[in-house]
Structure formats: structure tokens, C-alpha cells
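Next up is one chain by itself, shown in C-alpha cells, the form predicted alone.
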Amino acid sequence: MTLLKINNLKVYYYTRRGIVKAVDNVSLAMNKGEMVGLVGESGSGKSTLGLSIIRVLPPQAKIISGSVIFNGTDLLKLSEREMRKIRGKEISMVFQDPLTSLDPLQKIGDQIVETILEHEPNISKQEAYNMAKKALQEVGIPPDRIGNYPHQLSGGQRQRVMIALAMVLKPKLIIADEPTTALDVIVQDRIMELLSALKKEYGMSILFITHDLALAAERSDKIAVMYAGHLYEYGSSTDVVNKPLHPYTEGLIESIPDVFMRKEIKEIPGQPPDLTKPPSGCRFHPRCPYRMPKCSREEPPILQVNGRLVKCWLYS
């Protein structure tokens, strides 16, 4: 059953340099209980898409058009007061940097309790503290650390606190924005194990935003590939990795090192475009090894090929 459906979403940043088309006509659907890996290079619009869902964009950003249907409700039509009831309870977000996302002057337990009481006013403070302890225990933080401040925890522990904060009220959807950034590979794996376990135990849906295609492929049910504000491919992880349709997806896969296979690591030539002046036609065409004259003139449509969505003239 579909939990989240994004239709033709456009999000632009109004800057001194011009209008940055960070998310440009993106459509995406997620089912209940599945993890979708949203991948792409830095600046592709992944985080902006995640922030748009819960409407916490910075002041210079504006949602131009489109809809975000969550559990049958268009979130973009709700008032800010109505959205506050959904954030934290129905949809939670794990932000990139827990050290800046957590309040440095407030104990971690108090921050979790504050979230609980905001959405469950009939619960006593003691009950909220018990819920906070249980949430910390579920993510591998000893309950006796509930009185610690963020700076007293390691990077991996702070990220676990962020996950506890996000899942304490058992939301239907967690948006995890680069939750493993700056963590070593062992802690990274534990964080992903934790997210997978929460998904399985509570039936939560997870939008996992990352630049690491290999990590997304390992844990996600589906993979969505973004480039320069456009969604270029979307399908099951197995299909996308084993037989990529879009040249950009193919380039991402060829750039992944493999310690078990002797293969040549290839880079994608060129640089991502300036989104204040994006290329005409397909935005990937200046870097594409299969480009045709048509690619620079006309933007390709989104097509359905073998049960996947792909935005490329090769399949028209």
C-alpha cells in the first residue's frame, strides 16, 4: 500500500546568484514498510526533497508546485499548525549532523521527553521519561546515559540518539538524511543494521538519503537516483544495481571500488551543472557517453521500462 506519493514537485532556492532549481518536477512513490535509498552526487537535490516532505526548508527556498500525499493527505495544503502535529509523530527526520541538530545545552533525555509531551500531552512526565529510556535502549544507548549532554557522547552514539528521537513515537515514515556521514565503516554498518531492524520490527517506512550507492543497494528495497534536481531512475535495488538503465546510474556503479573483484574504477567525467543555469535538454547530456543530438535539445520524458522508471532518450 502506498504511504507517500510525491507528484511533480518543484522546489527552487532564490539566491543572489539566481534561482537554483534544486528539485525540478520530481515524482516518487513509497510503500508502507519499505526502505527507499535516494542516491546521487552532492547538490543533486536529495536533501531538499527530504526537507520538502516535512516542510522545514530554509527561508530562501520555496515550493513552487506539486503535491506530497502522505497517508492520503496532501501535506503541502496543511497549515503550519497542522504540520506540527505530523512532524515527529507521523513523520520524523534524522538529520545529517547530530552534533548541530541536538541542543548542546539540554540533556538528551530531556530532548526526547520534550518531543513526546509535545505530541502526547496526556502522558505524564515520568511516563515520557520511561519511554525515552526504552527508546535509547532500543538503539543501543544504556538508559543511565539519559542525563548526558550531546558533547559527552561519541559521534555514533549521538546518531543513535537522533534515531531514538525520531522513532520514539513510532512514526509511519522516517527520513534519514545521510545518517552515516563522518562515521567509520563499523559504526556505519551498526547504524544501518539499527535502521533495518526498526523497519522490520515496527513496519516503518524509511527514506534513506545518501551519496553512497553501494550502501543504499545493500540495505534498501528500492533505489531512486537523482541528478541535478531530476529523478533519473527508480526501481528495485536488485534491478538497478545489476542492470542499470540510465547512463548516470551506470556511471555511479562503475565508480564503486570492489575489494573482491579486480575491476577498473571509472569516474564520471565532468562536473554537476550549475542549477541556476542548467543545461538544456537532458541535464546529464554534457557528461553522458551515449548522448545523441536530441539529448541537448529536448528534456526526456519519464518512461516505464521493465517495471522501472527511467528518464532517458535511449528508451523512447
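A quick note: this is a predicted structure, and the numbers were derived from the prediction, not measured. One rule holds for the numbers: they count along the sequence shown, beginning at 1.
As for the form predicted together with a small molecule, it is not shown, yet the points below apply to it.
Visitor: Among the candidate residues Gly251, Gly66, Gly43, Pro278, which is the single one with a non-hydrogen atom no more than 4.5 Å from the small molecule in the predicted bound form?
Guide: For this set of options, the contacting one is Gly43.
Visitor: Consider Gln60 of the chain shown here, and say whether it contacts the small molecule in the predicted bound form, taking contact as heavy atoms within 4.5 Å.
Guide: Contact with the small molecule, yes.
Visitor: Please check if Thr15 has a heavy atom lying within 4.5 Å of any heavy atom of the small molecule in the predicted bound form.
Guide: Result yes; Thr15 sits at the interface with the small molecule in the predicted bound form.
Visitor: Please check if Glu178 has a heavy atom lying within 4.5 Å of any heavy atom of the small molecule in the predicted bound form.
Guide: Yes - in the predicted bound form, heavy atoms of Glu178 and the small molecule come within 4.5 Å of each other.
Visitor: Should Val20 be classed as touching the small molecule in the predicted bound form when contacts are defined as heavy atoms within 4.5 Å?
Guide: Judged by the heavy-atom cut-off of 4.5 Å, Val20 is in contact with the small molecule in the predicted bound form.
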